[in-house]
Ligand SMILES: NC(=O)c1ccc[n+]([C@@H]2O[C@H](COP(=O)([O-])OP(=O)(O)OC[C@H]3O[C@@H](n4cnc5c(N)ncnc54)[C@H](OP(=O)(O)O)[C@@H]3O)[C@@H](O)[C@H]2O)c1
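A single chain comes next, written as structure tokens; it is the form predicted alone.
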């Protein structure tokens, strides 16, 4: 099969479109013919073997990148219920050292418990773009942040892939949503459903006087210490990146009603199914910045690296 892969850790220029063996699914896996994938910052970390990338993928070569996928089931293992050949499914591979394959390929073998049926309301590109991003937002808001209907949430970084879905999912959960972004992206975040959009350069977090039940730091540019004054009693600060500041935050909340934590997203079929339902109901809108064919994967990764992306970058296989 065709796949974009590298024979060493290095730069984007080291990636090559090459022929590699098609994966063989185990009993608890399904073989998916990939119709679309999506670009993530983790790809660059794994390829460069830095910034935690060594913990996100096995050090096996050829190194096939890519986590998100949407496609059609072509083979099913003996214990891979409830999937059947011909099902359109989507999901993502675990961000872990156990992951040896990638989705920038014509086929990928995935755990049956880590995929769910794709919503008919979205394309394969839109579904792949939602897999990691929307699931991260859901797990951060619902599980780690314990967000409930009627509460107030601040999404720090509401214009990117995770941020755009966080705004929409928080609304679907019944919350009032404020979000920060740059001035040029305020209209985009408003269209995502935010009740209030804040230009972070004109009004930094430290200058805000409102309080919230949850601060979700999608941009990972802040800390619990910076945001503590924004939290109501019993409120939570949740970030996507562990840091020294997070450790100090955890220590500060030991004897407080406020909470502090971070999210390491995991592929959960029930969460994919919930996201598909929200797409079916029109409560979620796709967040695709641009789409590239597999042959242009290096250009897509360069686009991600350059910054300024609104939503996600999809790859058509």
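All values reported here derive from a predicted model rather than from experimental measurement. Numbering follows the first chain given and starts at 1.
FYI, the form predicted together with the ligand isn't displayed, but the following is about it.
Contact with the ligand in the predicted bound form holds for all three of 160, 182 and 264, each having a heavy atom within 4.5 Å. Shown alone, this chain has one stretch from 284-292, 249-257, 29-37, 42-50 that lies within 4.5 Å of the ligand in the predicted bound form by heavy atoms: 42-50. A residue is said to contact a partner when one of its heavy atoms sits within 4.5 Å of a partner heavy atom; residue 196 fails this definition for the ligand in the predicted bound form, lying far away. When the ligand is considered in the predicted bound form, residue 211 lies well away from it, no heavy atom lying within 4.5 Å. Not displayed here, the ligand is kept clear of residue 170 by more than 4.5 Å at the level of heavy atoms in the predicted bound form. Interface membership of residue 178, defined by any non-hydrogen atom within 4.5 Å of the ligand in the predicted bound form, is ruled out. Checking 230, 112, 240, 122 for any heavy atom within 4.5 Å of the ligand in the predicted bound form turns up a single hit: 240. In terms of contact with the ligand in the predicted bound form, the residue from 127, 218, 108, 154 that brings a heavy atom within 4.5 Å is 218. Residues of 96-133 that come within 4.5 Å of the ligand in the predicted bound form, judged by any heavy atom, reduce to 132 alone.
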